[in-house]
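Heads up, the chain below is alone and in the form predicted on its own; it's given as structure tokens.
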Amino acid sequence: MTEVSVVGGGIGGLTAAQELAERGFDVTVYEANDRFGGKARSMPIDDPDGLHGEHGFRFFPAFYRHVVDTMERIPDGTGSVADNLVETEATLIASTHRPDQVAETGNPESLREWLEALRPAFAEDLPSEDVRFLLERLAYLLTACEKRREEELDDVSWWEFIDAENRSQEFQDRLAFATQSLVALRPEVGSARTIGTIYMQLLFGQLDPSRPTERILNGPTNEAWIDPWVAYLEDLGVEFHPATPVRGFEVDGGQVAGLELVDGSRVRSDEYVLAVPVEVAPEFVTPELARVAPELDRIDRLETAWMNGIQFYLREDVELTRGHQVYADAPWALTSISQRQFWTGYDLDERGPDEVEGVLSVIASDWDTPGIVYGKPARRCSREEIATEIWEQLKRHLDGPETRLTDDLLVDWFLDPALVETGGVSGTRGEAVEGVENRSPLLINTVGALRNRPPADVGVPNLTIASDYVRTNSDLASMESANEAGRRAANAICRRHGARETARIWELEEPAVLEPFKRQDRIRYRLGLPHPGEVTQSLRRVTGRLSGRA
């Protein structure tokens, strides 16, 4: 049997392991942490049988095809892990200065219901000319051919593409928080290709009655998904080595000759899958590998941002909406889910302190804007200050006509352990510096980043890549992209060794009615002509370009 060593036990590594093991390969997974699941994993607090904390909550929109297909093939009880997905019903958009808005996330059954569901996303309280312009921009994106998207729109920021500087403040605020809460990315630096495509996929998800618009798990991630997954892979013969960091590759003759573990031991295999995070991957790229596969040498040009979670454990179950909450004016770009209403597969009464009745899981996506309590950005705060600041931002959004969060509700909190406090002094005065470093940042799709993302099959004879920085159809730092990358890595190995069956790869779906417009734009692009929608941009931008050509 062909032996495969997988370095990294996150979603990409576990996916590659499953696809290969199901096809008869002998797979071993090496993971630096003591638990598998990567950024998606949950971890027990103090007691293995107690409450769980997470990096953040899991979210499965309708366009997640790869990861859900994998879950459907993982046995769990009498069904599969996919049975642990629960459909949401509504998203609350909370504000400190205007009434709350609620966007339904169920599948609309008529055009009127669909338009009503989309209205809070971008039309509510926006000037009509801004709404019209945004729709024109989205039409531009959807009718652009793939080459134009990759070679033009990836080099334009979302902020520039939607001409935010020349739009109303309401428009800027709405599109800014919607983008930041979605992908932990400032719209000023995120590519129009990535943000626009994913934005439209989320909207299209409400049109497809065959798939739920969005789902979340019915318990902590490891209990509902990762632990059954590891058990299934072990049944397939996969060998797991947790808490076993790999120091690097041994390279000989332009290919990987082995792994060197931190303890000094060596591992030899026929094939190697690199499934470590983007901030770790460059450590594995030797000069010889970079010569064979130049794409590997560009990974360190990819950028990361912070998107970390905190769980608040409450004396009462504060349900809020049956879905996500988005905090429109929160300086730290907060989103949350009130978990217990969904945790049908997790008995909270038997976990942790008796007084805990509810769990509010929150993600903070902006770590550079000063907060409202200490006047400091999150990265400059201590862990205790981060918890206090987020709690206060939540309260100011949720405590309007009725009080929904009070201090006496709070029993405890759990902040992502990847945030580690740093100490030291700075400046000539020797001032003490407080803050945290993030040991698990998130890949972000900045302008022009597509050219720095390697394929899963990089051209090294026995090496493939399986992580969310691989070039994929979904093209976003996510479980879906990592899963697709794992499939692509496994498929490359299968092709090398003559396996006839390969893992399925789904394209992103867009309405078929748009295809004639894309074909027309392919011709225009080959001829060097602009997209017809170019004329809809603001007068300032058009005249600026004309004057630049004069």
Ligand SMILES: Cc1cc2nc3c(=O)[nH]c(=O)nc-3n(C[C@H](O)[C@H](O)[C@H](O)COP(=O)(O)OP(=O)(O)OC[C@H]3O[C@@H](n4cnc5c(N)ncnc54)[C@H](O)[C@@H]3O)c2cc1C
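Residue numbers run from 1 along the displayed sequence. Predicted model, so just to flag it, every value in this text is computed and none were measured.
We do not show the form predicted in complex with the ligand, though everything after this point is about it.
Not displayed here, the ligand is approached by residue 7 to within 4.5 Å at the level of heavy atoms in the predicted complex. Taking the partner from the other structure, the ligand in the predicted complex has a heavy atom within 4.5 Å of a heavy atom of residue 284. Looking at residue 246, you'd find a heavy atom of it within 4.5 angstroms of the ligand in the predicted complex. Of the heavy atoms in residue 84, none are within 4.5 Å of the ligand in the predicted complex. No residue in the set 25, 237 and 491 has a non-hydrogen atom no more than 4.5 Å from the ligand in the predicted complex. With the partner left out here, the ligand still marks one of 203-211, 274-282, 338-346, 147-155 in the predicted complex; by a 4.5 Å heavy atom cut-off that stretch is 274-282. The listed set 191, 308, 472, 464 contains one residue whose heavy atoms approach the ligand in the predicted complex to within 4.5 Å, identified as 308. Taking the ligand as positioned in the predicted complex, the residues of 459-482 that bring a heavy atom within 4.5 Å of it are, in sequence order, 467, 468, 477, 478, 479, 480, 482.
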